[in-house]
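This document starts with one chain, in the form predicted on its own, laid out as structure tokens.
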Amino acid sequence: MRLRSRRTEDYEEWQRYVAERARTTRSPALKRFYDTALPAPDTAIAEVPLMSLDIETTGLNPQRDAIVSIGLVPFTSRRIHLARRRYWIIHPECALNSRSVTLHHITHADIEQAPHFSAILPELLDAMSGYLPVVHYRAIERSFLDRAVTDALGEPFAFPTIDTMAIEAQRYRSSLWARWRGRLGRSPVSIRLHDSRVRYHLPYYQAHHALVDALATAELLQAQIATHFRPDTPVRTFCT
């Protein structure tokens, strides 16, 4: 109950934020995004248009590293619209390094002719407009996109999300069962994307490809909703 109340307060704060940004932003693309960023708080989750979002980067520090690819997959709680997926490889504003190339397999040859982030930003914001973003670990997507949009437009970019990792943390890190598990000296349950999908009997996908990870996150949220929630659960219950 306490969590639901906190989420309701979060949603009200996001409503105020997106309304203010829609009113004050100088960017037409940002205005289109913020004008449609949130459905009404009591909208059933089954009725909400969702957009799974994943990015791959050159590292984990948004002040030093940069985005190299972005994947988007539109979906609802019942259907994935894979034909409308979007995927961009981006020329990063910093050099690739061997560790990031090993992880996401995007090489210097791949980025040589790729556009810079500012060139695809209007297209990205238009693709996200009208959908509620869904991510697995919102700190990465929010911090890197905020840095990239600020560099491109001179304005910050914060946005509400549904975070599938936060749902797993609530279920498997904060529950009474999880606390007893800790008291018995057992390691915390993994809430990484692959390990979370295993709990719902979802298939294995190769990680660290932005489009594949976006698809994997969309399927994970569908499984979480089907397992833990009713289709008419208000969207405010999910949003962070």
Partner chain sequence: MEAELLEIRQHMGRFTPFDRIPDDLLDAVVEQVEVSYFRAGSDIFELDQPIDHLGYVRSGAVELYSRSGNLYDRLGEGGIFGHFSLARGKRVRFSARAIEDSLIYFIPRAQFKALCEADSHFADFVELGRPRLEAAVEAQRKNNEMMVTRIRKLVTHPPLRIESTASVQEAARRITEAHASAALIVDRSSFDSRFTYIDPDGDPWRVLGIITDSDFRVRVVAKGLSPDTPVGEVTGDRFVSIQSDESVQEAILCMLRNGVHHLPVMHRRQPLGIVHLSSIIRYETKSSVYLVDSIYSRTDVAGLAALMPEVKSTVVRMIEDDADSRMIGSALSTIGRSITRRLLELAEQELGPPPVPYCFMVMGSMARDEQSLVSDQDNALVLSDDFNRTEHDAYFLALAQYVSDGLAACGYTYCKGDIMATNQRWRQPLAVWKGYFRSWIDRPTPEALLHSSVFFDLDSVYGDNRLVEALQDLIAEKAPKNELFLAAMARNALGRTPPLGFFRGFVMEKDGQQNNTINLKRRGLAPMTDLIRIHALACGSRAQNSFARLDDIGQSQLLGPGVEAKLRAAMEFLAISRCRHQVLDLEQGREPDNRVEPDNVPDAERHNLKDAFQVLSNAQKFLKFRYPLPERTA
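From a predicted model like this one, the values you see are computed outputs, not experimental measurements. Numbering follows the first chain given and starts at 1.
One more form of this protein should be noted, the form predicted together with the partner chain, which is absent from this view; the next part is about it.
By the criterion of a heavy atom within 4.5 Å, Leu202 is counted among the residues contacting the partner chain in the predicted complex. Shown alone here, His116 lies farther than 4.5 Å from the partner chain in the predicted complex, counting heavy atoms only. Although the partner is absent from this view, Leu211 contacts the partner chain in the predicted complex, with a non-hydrogen atom inside 4.5 angstroms. Interface residue remark: Thr227 is counted as part of the site for the partner chain in the predicted complex, having a heavy atom within 4.5 Å. Figure note: of the listed segments 77 to 85, 133 to 141, 162 to 170, 149 to 157, the one touching the partner chain in the predicted complex, with heavy atoms no more than 4.5 Å away, is 77 to 85. Each of Leu215, Glu219 and Ala223 places at least one heavy atom within 4.5 Å of the partner chain in the predicted complex.
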